[in-house]
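First, one chain by itself: the form predicted alone, in structure tokens.
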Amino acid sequence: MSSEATTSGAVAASGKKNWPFLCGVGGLVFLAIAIFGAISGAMDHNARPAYGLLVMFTFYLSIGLGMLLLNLIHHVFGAGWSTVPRRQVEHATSIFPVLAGVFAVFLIITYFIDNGLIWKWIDFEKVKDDVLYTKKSWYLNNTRFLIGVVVCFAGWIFLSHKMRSYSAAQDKDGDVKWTNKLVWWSAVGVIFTALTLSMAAIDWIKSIEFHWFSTMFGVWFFAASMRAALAITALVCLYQVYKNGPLTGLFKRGHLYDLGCLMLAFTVFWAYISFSQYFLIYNANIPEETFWYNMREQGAWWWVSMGLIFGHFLFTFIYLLFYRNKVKASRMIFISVWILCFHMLDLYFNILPSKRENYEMFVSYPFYISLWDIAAFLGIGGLCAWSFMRSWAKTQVIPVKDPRISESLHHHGR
């Protein structure tokens, strides 16, 4: 396929409406509403709006990190089949500057409004006599926390920009040096992303309840991120096939089937990690660990946990076992949306009950989705879509001069 053909397909797909502008403006409006709710709630010592914003931030962060890892793994293993959908994955990694801006809101709340509202351990006066905090203070301290924030976002932005730049440069001359650079940076990037993903999960989610112990939390977040990224990849690619879109004839049944197989694999992996974490804590029966699950067995949270077991795992697992469910577009759209909905429920389950209004008592927030949560979802999502489309408009629809593009174009799968 010529570069002229792919460019014209991209332009035609944009239609008459200026979608990047609409998504950008809409995202700013809804995000401003969500930020207003989080800050006004913080001023009243109500953390619930801020936690809603954190859930939605983590939702899009997990997608971005999953996409980054998919891209890096593609180059490390020299995969051929995934070359066609790879460009969509690359565009999705452009969202990290947006997410860095959103995270600044949490820093403003933490350091200028209420130190212990989101992460209680940051308010040193409240935890200085806590034995468990003292043992973890070498890690849970303000200096290390802020350094971690800078390292994570700077590294993710730099790495994703490098990968997109080299991939776009490859489209122009097809020089083998770009392939070699992509492989080298991917080998380094996989290690860096794995470490920083785990650190971010521990710092920004797990440390909300700093008394709790778990050595598997970073791996849980990795598995969840990969599932979400694969679901979004399938949806984006299928959307660009709809009504003779730019990927029509390029993104084939074999690509969709392989995405479905990976979704099945990470469904099993997510279940294995989640069950192993629960089983180890249940078996050890240590109060510093078991309370975390005890809080999630109260009220509506019990039904949320059952939904994760039977909806996020069992139904998805059985559904993706069947071949036709992995190759029919409508069925893959359904299961992709299903996975994303339960992924968000999983984030609520891991973030919201961890907060205790009274430091000495186990009093968690009940499960509900507020209007502030919806505004945050639309706001961050709109800005991420704007960033995706801006990146998409600058390159070809597929990596036209990648040495593996022919293999991917002729990939039929089963």
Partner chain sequence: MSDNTTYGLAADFENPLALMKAAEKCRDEGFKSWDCITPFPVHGLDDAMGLKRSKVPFFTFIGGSIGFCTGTFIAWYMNAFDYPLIVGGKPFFSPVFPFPVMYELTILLAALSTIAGMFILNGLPRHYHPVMKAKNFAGTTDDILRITIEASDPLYDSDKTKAFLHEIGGTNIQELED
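Residue numbers count along the first chain shown, from 1. The structure presented is a predicted model; accordingly, all values stated were derived computationally and were not measured.
Although not depicted, the form predicted in complex with the partner chain is the subject of the following passage.
Participant: Answer yes if any heavy atom of R331 is within 4.5 Å of a heavy atom of the partner chain in the predicted complex; otherwise answer no.
Facilitator: Looking in the predicted complex, residue contacts with the partner chain do not include R331, since no heavy atom lies within 4.5 Å.
Participant: May I ask you to state whether F158 is within 4.5 Å of the partner chain in the predicted complex, using heavy atom distances?
Facilitator: It does not: once the partner chain is placed as it appears in the predicted complex, F158 has no heavy atom within 4.5 Å of it.
Participant: Can you work out whether F112 and the partner chain are in contact in the predicted complex, taking contact to mean some heavy atom pair no more than 4.5 Å apart?
Facilitator: Contact check for F112: no, nothing within 4.5 Å of the partner chain in the predicted complex.
Participant: Residue-level contact is defined here as any heavy atom of the residue lying within 4.5 Å of the partner chain in the predicted complex; does L321 satisfy this criterion?
Facilitator: So L321 counts as contacting the partner chain.
Participant: Give me the residue from W138, F275, Y242, F124 that has a heavy atom within 4.5 Å of the partner chain in the predicted complex.
Facilitator: It is F275 that has a heavy atom within 4.5 Å of the partner.
Participant: Only one of F77, W184, W302, Y282 gets a heavy atom within 4.5 Å of the partner chain in the predicted complex. Which one?
Facilitator: Residue within 4.5 Å of the partner: Y282.
Participant: The chain here is shown without the partner chain. Which stretch in 267-275, 115-123, 130-138, 100-108 comes within 4.5 angstroms of it in the predicted complex, by heavy atom distance?
Facilitator: Single hit among the candidates: 267-275.
Participant: Which residues from 249-268 come close to the partner chain in the predicted complex, meaning a heavy atom within 4.5 Å?
Facilitator: Going through 249-268 in order - heavy atoms within 4.5 Å of the partner chain in the predicted complex - the hits are R253, Y257.
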